[in-house]
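Shown here is one chain on its own, the form predicted on its own, set out as C-alpha cells.
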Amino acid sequence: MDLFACDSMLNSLRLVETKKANVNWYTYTHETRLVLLASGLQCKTFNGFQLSTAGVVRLPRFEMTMARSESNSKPILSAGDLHLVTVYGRIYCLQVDREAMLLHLYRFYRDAVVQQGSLPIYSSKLSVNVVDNLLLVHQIDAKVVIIYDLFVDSRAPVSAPLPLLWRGYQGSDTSSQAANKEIESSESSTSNENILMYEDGWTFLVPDLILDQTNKVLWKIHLDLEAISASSSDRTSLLEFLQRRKLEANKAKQLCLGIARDIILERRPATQVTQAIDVLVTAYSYSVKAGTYKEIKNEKATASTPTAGASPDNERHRPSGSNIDEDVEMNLSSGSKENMFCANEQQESQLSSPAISPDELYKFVFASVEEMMVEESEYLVAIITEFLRSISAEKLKVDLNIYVMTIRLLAYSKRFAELSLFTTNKIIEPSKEVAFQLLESGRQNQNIKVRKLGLDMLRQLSLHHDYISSLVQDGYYLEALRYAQKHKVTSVRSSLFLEAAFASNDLQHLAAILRVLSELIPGFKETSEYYTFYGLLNDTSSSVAV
C-alpha cells in the first residue's frame, strides 16, 4: 500500500511511505478514512489503516466470522460483502454472511476490533445507508428497509419493515413512507412512472445517497418520522428514538408532544406515562447541562433551538478529522456532505432540537388535556405529581402554571386534604400565583382552610400588600390594619380600608376603622378621606359616635 502526498504547487504526487502486506482486495470510504486489506484463502483476515493528519494509524489484525455452507465448502468473502459506516461517531464494519443469513457488526477501537452482535437479513441481496445516525438495511429482494438504532443495546428494529418511496408520490399513502428520495439534479426530467424501485443500476453510497445510473440521477434518502412512529408500538422507546434525531428535530419534537398527549388522553397506565415523561425530562436536562440547549422565540415554534447535537447521547460527534481513539469516534468532513443540503435545510438542522422544556410540556401537553380530563382529575394529578418528581430529580425549574393547575384539579375534585399536604410538604412550591389560586379555590368552594393556606403563603413570602388586600377583601379590616402597622407597610392606601368597610354596610366597622386610622396616622383627621367618610358615617346614622 503506497501513500502519496499531493504537491499542489507542482501538481504532482510524492511517495511518502510504502506498507507491504498480503492483499487480495481492499475497501475504503472517505467518511471513515479507513482502508481494510483482505487476505487469506477466504479473504476473511484483515489489516486496517486509518488516515489522519497525524499520520497512519494501524489497527490490530482481525478475522471475520463466516458460516460453512451445506456442502461444507469454505465461502470466500468479497468486497461487496463489507460496508464501512459511521454511526453516532463510532466506526462499524458490517459483514454480510449469506450462509448464516446474518449481518455481523464489528466496532473499531484503538487497540481492538470487537464483534458486537449480528442482525438477521431476509434477502440474498442487500445494501446499507446511514441517515441521522440510523442504520438502514435495504432488503433488495423484498424491496423494504429495516431500520436499526445502534445507540441502544437491543438489536431489534426501530419499527416494522417499511417501503422506500418517492417524496410526493401520489400513488401510495404518504403516511406509510419510511424513507423518501429527493432528486439532487434539478436538470433531470425523469418521471416517477419511469423509475423502478431497487433497479440493478442503483449504487448505494454511504452515508445517505443512491446513484441511479439508469436514469442518471442522484437520490438523497430522508426519513419519514411519522411513518416510523406509526409502525412502533413501544411509546417509551419511540420517544427515546425521537429525542436522538437531529436532521428533522422539529418534526421529532412535534411527534413527541403528540405522543405525550395521546398516552394521557388514552388513560394509559400511570407507570407507562411516567416512563415517557422521564424520557423527555431527562433528554432536556442533558441538553441543558451539556450547554447545547438554546431557547428562542418565534411565531411558529415555542422554545428550544439548540445547536446541532443536543440529543441525550453519551457519545457524540467530534470535529472533522478526529482519529480513532479508545471509542473510535470519527466524523465526516464538513465540506462535501453539507453541500448536499439546501440552505433552508442546513439552517433548520442548526437551529432546532427535539428537546422539550418543562414549560412546553405544560403548555402543549398538560394544559391542552386539562379540560378533557377534568372529570378524571385524580388520574391527571397522579401524572402531574410524577412529572414534578422527575423535574425535581433533575433540579430543573418548574412552570408555576403547573402548580396552579394542580390546585384547580384538587379543588375541583374536593380533595382538600391532599391539597393541604401538597402545599405543606412543598410538593407545590410557594409563589404569589399559587397563593392567589389557593385564595380563589377557597372562595369558590367556600373552604376557609384552603383560603387560609393562600393567606399564610402570602405572609410567608412577605407579600405584605397582597396579604393586607386579601384580609380586607375577607372583611378582616382591623387585623389588616394591625399587620400594616407592625410591618410598616406604607404602600396600602387608607382609603382601601375605608371603602371596603363602607361597602360592607357595617357602620360599626367603618367607625372603628376611622378611629384606628386617626390613632395610627398623625394628622389623619385633617385629610379629605377622613372628612369624606366621617360625613358619610354621620349622614347614614347619627347614633354612631366616633
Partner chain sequence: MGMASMSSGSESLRLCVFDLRRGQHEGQELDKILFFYPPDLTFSTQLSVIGLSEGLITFTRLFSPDAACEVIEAERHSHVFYEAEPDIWMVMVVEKNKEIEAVWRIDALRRVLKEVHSLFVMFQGSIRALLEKEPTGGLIRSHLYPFITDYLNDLFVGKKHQLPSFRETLTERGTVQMLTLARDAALEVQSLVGVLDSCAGTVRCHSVILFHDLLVSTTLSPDDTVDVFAFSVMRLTTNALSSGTSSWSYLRKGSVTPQISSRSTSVLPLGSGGTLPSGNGSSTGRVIRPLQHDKWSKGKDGFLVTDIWGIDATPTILIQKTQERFYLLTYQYKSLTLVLLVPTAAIVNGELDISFVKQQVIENASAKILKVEEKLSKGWGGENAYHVSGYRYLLVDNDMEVSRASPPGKVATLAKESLLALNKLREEVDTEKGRSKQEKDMEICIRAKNNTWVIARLNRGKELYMALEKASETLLDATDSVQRFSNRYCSGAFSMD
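Since we're looking at a predicted model, the values are computed, not measured. Positions refer to the first chain, counted from 1.
Another form exists, predicted together with its partner chain; not displayed. Remarks below refer to it.
A.B. asks: For the interface check, one of 141 to 149, 243 to 251, 470 to 478, 258 to 266 should have non-hydrogen atoms within 4.5 Å of its partner chain in the predicted complex; which one?
C.D. replies: Of the stretches listed, the one contacting the partner is 470 to 478.
A.B. asks: Using a 4.5 Å heavy atom cut-off, which residue among T282, S431, T385, Q115 comes into contact with its partner chain in the predicted complex?
C.D. replies: Looking at the other structure, the residue within range turns out to be T385.
A.B. asks: Tell me, which of K289, K216, K74, K414 has a heavy atom within 4.5 angstroms of its partner chain in the predicted complex?
C.D. replies: Checking each option against its partner chain in the predicted complex, the one that comes within 4.5 Å is K414.
A.B. asks: Please run the contact check for L421 against its partner chain in the predicted complex: heavy atoms, 4.5 angstroms, yes or no?
C.D. replies: L421 belongs to the contact set for its partner chain.
A.B. asks: Within 4.5 Å, heavy atoms only: does R482 come near its partner chain in the predicted complex?
C.D. replies: Taking the distances in the predicted complex, the answer for R482 is yes, it comes within 4.5 Å of its partner chain.
A.B. asks: Is there any non-hydrogen atom of F108 lying within 4.5 Å of its partner chain in the predicted complex?
C.D. replies: Close contact is absent here: in the predicted complex, F108 is far from its partner chain, nothing within 4.5 Å, heavy atoms only.
A.B. asks: Tell me, yes or no, whether Y403 is in contact with its partner chain in the predicted complex, where a contact means a heavy atom of each within 4.5 Å.
C.D. replies: The answer is yes: Y403 has a heavy atom within 4.5 Å of its partner chain.
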